[in-house]
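The data below hold one chain only, encoded as structure tokens and taken in the form predicted alone.
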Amino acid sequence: MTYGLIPEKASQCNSNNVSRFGMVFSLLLLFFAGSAYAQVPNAVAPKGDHDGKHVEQPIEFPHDIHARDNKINCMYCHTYARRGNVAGIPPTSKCMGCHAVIATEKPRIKQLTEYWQKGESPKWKKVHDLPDFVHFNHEKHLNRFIFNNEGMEVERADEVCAFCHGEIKEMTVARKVKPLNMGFCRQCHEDNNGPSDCWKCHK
């Protein structure tokens, strides 16, 4: 059906539509291929979003510069994640290992240096907080999705961290963008053959 178009024009229009569709389809494929959730092998990413409030920090730490632009692995700063329950906040000494010589004139680094010279740490505020009766173990999840996951490289840890923390590498100050509630976690356990015993998370 040409809807009143001259046949030659209709043919040309259909051809253009097919070309446009092919272009849009290709762009969608590229988008999903580049998505963190589409790339982690042997994993189904948990679904759900949350609009968390902005948590004001003593220094606006730019995750985008460190994780995205400089490609620093999440576990380099959050070293406890690979061997414990909590990911941990890096000590100021780790920050100053770089920033004693890098970007020393930037206002954020001047703030950091002041803390360092006083022998203090910035009083960072927790963003991804869980109730006291919930026990999330970072080590077990990193083992499942990174270290014991065939085909997954350690260099791509941020793709796994994004499951629960969202695209932190696109943020400055971290913000809670995933619900992290029981339904969110249960669905992930069901989709990824995680344990279903209550005591695994509630102790």
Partner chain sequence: MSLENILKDWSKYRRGHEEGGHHDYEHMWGMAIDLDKCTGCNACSVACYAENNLAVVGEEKFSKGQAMHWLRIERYWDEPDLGENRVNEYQIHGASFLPMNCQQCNAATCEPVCPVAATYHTPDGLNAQVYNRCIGSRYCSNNCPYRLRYFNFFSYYEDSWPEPLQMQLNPDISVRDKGVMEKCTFCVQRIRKAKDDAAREQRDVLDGDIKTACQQSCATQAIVFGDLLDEDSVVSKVWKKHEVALGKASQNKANPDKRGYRVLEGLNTDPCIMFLERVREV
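Residue numbers count along the first chain shown, from 1. Because the structure is predicted, anything quoted here is derived from the model rather than measured.
There is also a form predicted in complex with the partner chain; it is not shown, and the following applies to it.
- Among residues of the shown chain, Gln57 is not one whose heavy atoms approach the partner chain to within 4.5 Å in the model of the complex.
- In the model of the complex, the partner chain lies farther than 4.5 Å from every heavy atom of Thr172.
- Although the partner is absent from this view, Glu139 contacts the partner chain in the model of the complex, with a non-hydrogen atom inside 4.5 angstroms.
- Mapping the unseen interface onto this chain, Arg83 counts among the residues with a heavy atom inside 4.5 Å of the partner chain in the model of the complex.
- Per the 4.5 Å heavy atom criterion, the partner chain in the model of the complex is contacted by stretch 129-137, the sole one of 68-76, 114-122, 129-137, 98-106.
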